[in-house]
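Only one chain is shown below, in structure tokens, and it's the form predicted on its own.
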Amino acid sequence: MARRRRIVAGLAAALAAGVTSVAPVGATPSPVNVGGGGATFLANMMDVCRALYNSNTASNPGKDVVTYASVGSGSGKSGFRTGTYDFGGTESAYGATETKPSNFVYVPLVGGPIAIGYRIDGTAPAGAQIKLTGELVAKIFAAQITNWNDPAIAAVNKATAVALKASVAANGVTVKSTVRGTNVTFTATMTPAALKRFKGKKITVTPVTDGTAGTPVMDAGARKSVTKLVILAEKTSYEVKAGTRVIGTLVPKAYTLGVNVTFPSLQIKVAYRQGNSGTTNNFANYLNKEFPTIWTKATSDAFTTAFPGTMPTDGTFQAAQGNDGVSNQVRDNNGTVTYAELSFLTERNISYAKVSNAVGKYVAPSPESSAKNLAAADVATDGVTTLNYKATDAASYPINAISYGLASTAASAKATAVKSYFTYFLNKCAPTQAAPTGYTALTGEILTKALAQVAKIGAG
């Protein structure tokens, strides 16, 4: 930054004096090599964005070169503090006992789900996606459930019968459904009192599959009677509303949700993150905040520190380096389970569980279900985000993390280059590349505050 200011100042002075022997206006500055390091959770997304940025002359006219070392959040925070890295990557803020660098900012860069990946050979039907309540996740990783055929796991992996409910009525509004072949007819009627109460409102009938609401199939202004014929969506319930008031849930045709999964008698093995990890910090924080009687210790970057009680020494708990390491452990060892950023599991074709959220819906980790949860997060003015484990969106996946970039506010050419890269990351790369890579691009309040943090980089 100082070098570039001197160039600008020199140009201004030369023009004032009528001197012409200066660098031409608009000359491309010398490339800056920017080395970052830290979180492995962030690594796959960072690799995509830095490669695109390094080759993008429109967003990177100085042809700066960004590199990133995937070494874990703990090493990222310490390496940034000591100057080993020009910017850091982490999913956890500096703790009360950690030495913080001076003149720095947290910049939320991207979010994503922490998926529960597993390998269980011998389930029936083969390859069925399993379901886990949050409590089961807490007990498995606390070594309180040690075999995959545990009755508590089997109980939540039974098919659910959803009974026929052809009509609903409340507040003077009645909606009925009639099925003929592959079609369903919805008929809504209203009493005179209801017509007055809901004047100017709409009657909506919205399909809901596995907790995810679709586009309304009936969206009509309130009137005495209205009928709508639509194609019947199999295994779907329909939420009925008058304005914002819920009238009830229709089930035009009874269906079975899920399958009955049977499990082999197989010892559970846990692969956890070695050393200090932001992924561990976020995972342990979820467990501690939601199930404090099971995960009784305060959140920590280290799994061994956060673990309640005494860590098993019989070989069922194995540490591995990074999201790469724990994912490889699961891939290569039958009966193993882990917590990892989704993209590391998908690139190895590792199965991952649906996990129950705050409203009792089992939701698979995805960029979309993660975004539902992040929308309910609380973002402080310094960019540090507090996730909301009680998010009420039925399609919200409950276990997530935000990856932060750590950057200096001191003026320098390096800081200017980091600022340019983070701006590109948030505005250009993440919106198009996050979802295909398995991450969740930041939007809304988090993005606004992230860009406000970016503005402070290199500002002096």
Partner chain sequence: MSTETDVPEIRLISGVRKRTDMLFRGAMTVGALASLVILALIAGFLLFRGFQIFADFGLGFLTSSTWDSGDVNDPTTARFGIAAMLVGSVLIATIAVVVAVPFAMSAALFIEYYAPRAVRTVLTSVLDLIAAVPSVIWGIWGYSVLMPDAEGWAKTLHSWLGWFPLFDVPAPIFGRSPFIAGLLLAMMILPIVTSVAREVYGQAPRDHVDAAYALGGTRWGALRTVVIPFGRSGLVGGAMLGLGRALGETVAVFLVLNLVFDVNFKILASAGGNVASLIASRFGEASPYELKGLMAAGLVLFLVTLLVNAAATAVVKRAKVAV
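As the structure is a prediction and not an experimental result, all values here were calculated from the model. In this text, rigid core is short for the largest set of C-alphas that superpose within 1.5 Å between two forms. Positions refer to the first chain, counted from 1.
What follows is about the form predicted together with the partner chain, which we do not show.
E98 is the sole member of E368, E98, E290, D210 with a non-hydrogen atom within 4.5 Å of the partner chain in the model of the complex.
Scanning N157, S177, S75, T385 against the partner chain in the model of the complex with a 4.5 Å heavy atom cut-off leaves one residue, S75. In the model of the complex, N349 stays away from the partner chain, with no heavy atom inside 4.5 Å. Contact between P216 and the partner chain in the model of the complex is not found at the 4.5 Å heavy atom cutoff. At a distance threshold of 4.5 angstroms between non-hydrogen atoms, T305 is in contact with the partner chain in the model of the complex. Proximity of V71 to the partner chain in the model of the complex falls within the 4.5 Å heavy atom cutoff. Figure note: of the listed segments 89-97, 158-166, 111-119, 227-235, the one touching the partner chain in the model of the complex, with heavy atoms no more than 4.5 Å away, is 89-97. Taking a 4.5 Å heavy atom cutoff to the partner chain in the model of the complex, the contacting residues in 297-319 are S300, A302, T304, T305, T313, D314, G315, T316, F317, Q318, A319. Comparing the forms between the shown form and the other one on their rigid core, the Cα displacement of A401 stays under 2 Å.
Relative to the superposed rigid core, K100 undergoes a CA displacement of at least 2 Å between the shown form and the other one. When two forms of a protein are overlaid on their rigid core, residues whose CA moves 2 Å or more are considered shifted, and A43 is one of them between the shown form and the other one.
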